[in-house]
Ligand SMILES: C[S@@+](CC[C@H](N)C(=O)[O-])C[C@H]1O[C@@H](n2cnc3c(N)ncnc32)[C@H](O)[C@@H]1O
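What follows is one chain in structure tokens, specifically the form predicted alone.
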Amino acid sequence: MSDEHNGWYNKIFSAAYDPVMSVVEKNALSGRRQALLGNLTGRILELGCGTGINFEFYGKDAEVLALEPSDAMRAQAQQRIAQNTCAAKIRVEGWLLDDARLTAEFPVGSFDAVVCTLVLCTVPDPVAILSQLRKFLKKDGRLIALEHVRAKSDAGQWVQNLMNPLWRHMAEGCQLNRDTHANLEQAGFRAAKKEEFDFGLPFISGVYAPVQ
């Protein structure tokens, strides 16, 4: 694994992540995670699971492959599993999407759902990543997204653009001004169900279907 995901700052960031996010989780995200993930069944691919915050929300009929390249984040995710508080069967790997081990074990069309929560802001090429994820989905599969996104107003976008260089540096590559809904559409998804809300930042919460 490269230093990009495992430098000294990543270890500090990983340790601070859950405490820093506790207020927004309690007041804006946890209920939406439950609504999005609680009824998922079958084989699920979660991209960038972080500390495993989603794990408690999956039901017993879900079989989850959770990918996380950060050693520090992945260790926390595996600790959640070890605490026996997860109903689903969950496996955590440090693979990236182009890892030969992933594609060898899970060919095209292997997953019933793909889950992206607070991760599409960090990937280097979101449209390319989403296009890869689309290939892993079954024809009737769904992509679940819970992401902070680009503001709609000119003023909001100006503030995001101004803050983005420092934010990206401090938050392990997170981009404030990603137009994630547009990226999903460009990658071949359409919104089957989508909610927009604000909690300090604008967010989307939705279920997306691959365009056939």
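Source: prediction; values computed, not measured. A residue's number is simply how far along the shown sequence it sits, counting from 1.
Below, we refer to the form predicted in complex with the ligand, which is not included among the displayed structures.
Checklist entry - Does at least one non-hydrogen atom of residue 168 fall within 4.5 angstroms of the ligand in the model of the complex? => result No, residue 168 sits far enough from the ligand in the model of the complex that none of its heavy atoms falls within 4.5 Å.
Checklist entry - Are any of the heavy atoms in residue 149 no more than 4.5 Å from a heavy atom of the ligand in the model of the complex? => result Although the ligand is absent here, residue 149 would stay clear of it in the model of the complex, with no heavy atoms inside 4.5 Å.
Next on the checklist: Taking the ligand as it sits in the model of the complex, is residue 114 near enough to touch it, meaning that at least one heavy atom pair lies within 4.5 angstroms?
Outcome noted: Outside the cut-off, so no.
Next on the checklist: Taking the ligand as it sits in the model of the complex, is residue 156 in contact with it (heavy atom to heavy atom, 4.5 Å or less)?
Outcome noted: The answer is no: residue 156 has no heavy atom within 4.5 Å of the ligand.
Checklist entry - So which of 49, 64, 36, 143 gets a non-hydrogen atom within 4.5 Å of the ligand in the model of the complex? => result None of the others qualify; the residue that does is 49.
Checklist entry - Based on heavy atom distances of at most 4.5 Å to the ligand in the model of the complex, which listed stretch, 133 to 141, 99 to 107, 83 to 91, 119 to 127, is the contact stretch? => result Partner-contacting stretch among the options: 119 to 127.
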